[in-house]
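Next up is one chain by itself, shown in structure tokens, the form predicted on its own.
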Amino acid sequence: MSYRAPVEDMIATMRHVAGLDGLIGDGLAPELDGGMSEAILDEAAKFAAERLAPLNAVGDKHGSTLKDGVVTTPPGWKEAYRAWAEAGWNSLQAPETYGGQGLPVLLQSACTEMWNSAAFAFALGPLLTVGAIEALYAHGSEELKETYLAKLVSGEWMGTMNLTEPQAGSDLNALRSRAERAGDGTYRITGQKIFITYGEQDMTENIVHLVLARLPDAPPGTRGISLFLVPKYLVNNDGTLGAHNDLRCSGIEHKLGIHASPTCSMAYGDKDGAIGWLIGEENRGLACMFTMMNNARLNVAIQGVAIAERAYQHALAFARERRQGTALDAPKGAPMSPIIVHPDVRRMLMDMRAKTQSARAISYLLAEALDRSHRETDAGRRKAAAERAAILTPIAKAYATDIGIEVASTGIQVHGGMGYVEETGAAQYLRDARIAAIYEGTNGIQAIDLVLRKLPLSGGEAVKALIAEMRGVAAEVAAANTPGFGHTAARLAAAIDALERATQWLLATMGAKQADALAGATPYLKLFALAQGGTGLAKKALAMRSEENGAAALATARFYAEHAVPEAQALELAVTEGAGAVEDAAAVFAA
């Protein structure tokens, strides 16, 4: 089944939910005025459908292989990547000073969705490069920027992120990789890293690794971590490639999904130590790396949207073709009907569609907030946008990736037994989707981050502002008095009330009994996402009522409000009254 990027819904979500028109109207994205967004997305959609989508099954079947230290990507991978980079897709968001186009994060996010829908494993490499560019641009020395940024921006070279070690997963306190000062301004890096996406590959001539390591005199814990740029090949003064650095890929993982993406174990310093350059200040590397990680968390949220969209399209096409049983109103003796006429199949497809679009709404809202946090000239508005982005980041990352898994699983159910065999391709989406809820901070960690670090921003006023916006949308739906909305206004209002009560409870509880607050962190994040996603879909439906696709937007918003949003009340109870059950579970694990 071929992939067709949902450009119309992307544009509608950018305009009516995320606020693209406001960005342009406020003079913060003048480059997207005059239909430029539509033109760029149309071209991206063609490349995604024609060049990348055909590689998805090929990559899954062949995978990437390691032999004698060399990683070989699947057939067609190198050629597609080079065509993608030459077309300028790697440089959309990058700074113009180094050859980028300087376009908004919001537009980049829509394109990123297309690359990941078309070929998830392919898009992972460029995703890390975008983050490396941002971290190096924000924290690197002028010399490092001049040497590396233009090559990264053009896509000639790729970037990676090296955090995880065998003994240190999400807990960076346990990090052991070492950095020794060489006395000439460089450092010698030794240690092992695991789960390094595209740590070795044959698509670019050089790879720029961003590596976390400790100096000998570093303080303990995360306060003693520094960030280093460690290239695969050293770069000569004239920009040509020199000697191979003292690093190697020691193995690649055999994974449930994303088979074509080489997930590498990396060994640094088998001989004299890999040569590296400090990014930012000594012992301040985690702050630099978080620049990259926050970028990655938005992009991983987009991955969740992307895989859900692809699974939905696949299931929809199958349901239109597969014939089983007869429609309820079919005459006696009628031939078998396409399964899409059966109510429960329609329910599953609408569930997939509505959840995918709700995740898109939240993710694009985050992208727009990031744009404002970078582009606003007024300090107060810039701070408000940054806090809005901070709150939405864990929500988008966790909710959208959970939705990717859920929608892909439902897609298999739509296929029935045919979905469980690899022949139809439906199973690959579920296998690929599963990783997104784990990497770049597991979804449980995202929930903890939301409750402990993001809710208290500005004394809780930042989250209250988001809730007030949602309440305004619910009121607009009620005032519209449009029969097609059904119970949308009431369901949204009830969910927002539940979110507000749960928020107040958490803010009051965190100081006195943090364990109780953390016990409800994951259900709270989902509660927030249901309200935010539901009001996003409703806002889009309100704006599109008179447009050609208005009826579909209205039906989608109503379905989500009446089928997904009612879970909000149960989630509120889990947040505010469920901590005791979590504490009592200690008896289960005592043995």
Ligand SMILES: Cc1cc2nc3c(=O)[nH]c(=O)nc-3n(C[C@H](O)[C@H](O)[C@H](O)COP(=O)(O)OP(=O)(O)OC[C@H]3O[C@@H](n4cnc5c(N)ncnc54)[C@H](O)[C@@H]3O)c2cc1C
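Each residue number is its position in the shown sequence, starting from 1. Everything quoted here is computed from the prediction, not taken from an experiment.
Below, we turn to the form predicted in complex with the named molecule, even though it does not appear here.
Shown without its partner, this chain lists W115, Y187, F195, W157 as candidates; in the predicted complex, only F195 has a non-hydrogen atom within 4.5 angstroms of the named molecule. Though the named molecule is absent from this view, in the predicted complex it lies within 4.5 Å of a heavy atom of just one residue from N299, Q357, T488, N162, which is N162.
A residue is said to contact a partner when one of its heavy atoms sits within 4.5 Å of a partner heavy atom; L365 fails this definition for the named molecule in the predicted complex, lying far away.
In the predicted complex, no heavy atom of T222 sits within 4.5 Å of the named molecule.
Within this chain, S458 is remote from the site of the named molecule in the predicted complex, having no heavy atom within 4.5 Å. Among residues of the shown chain, I467 is not one whose heavy atoms approach the named molecule to within 4.5 Å in the predicted complex. In summary, the region of this chain contacting the named molecule in the predicted complex, judged by heavy atoms within 4.5 Å and restricted to 489-497, 437-445, 94-102, 338-346, corresponds to 437-445. The three residues T393, A517 and P523 each lack any heavy atom within 4.5 Å of the named molecule in the predicted complex.
In the predicted complex, the named molecule lies within 4.5 angstroms of a heavy atom of only one residue of 118-154, namely L128.
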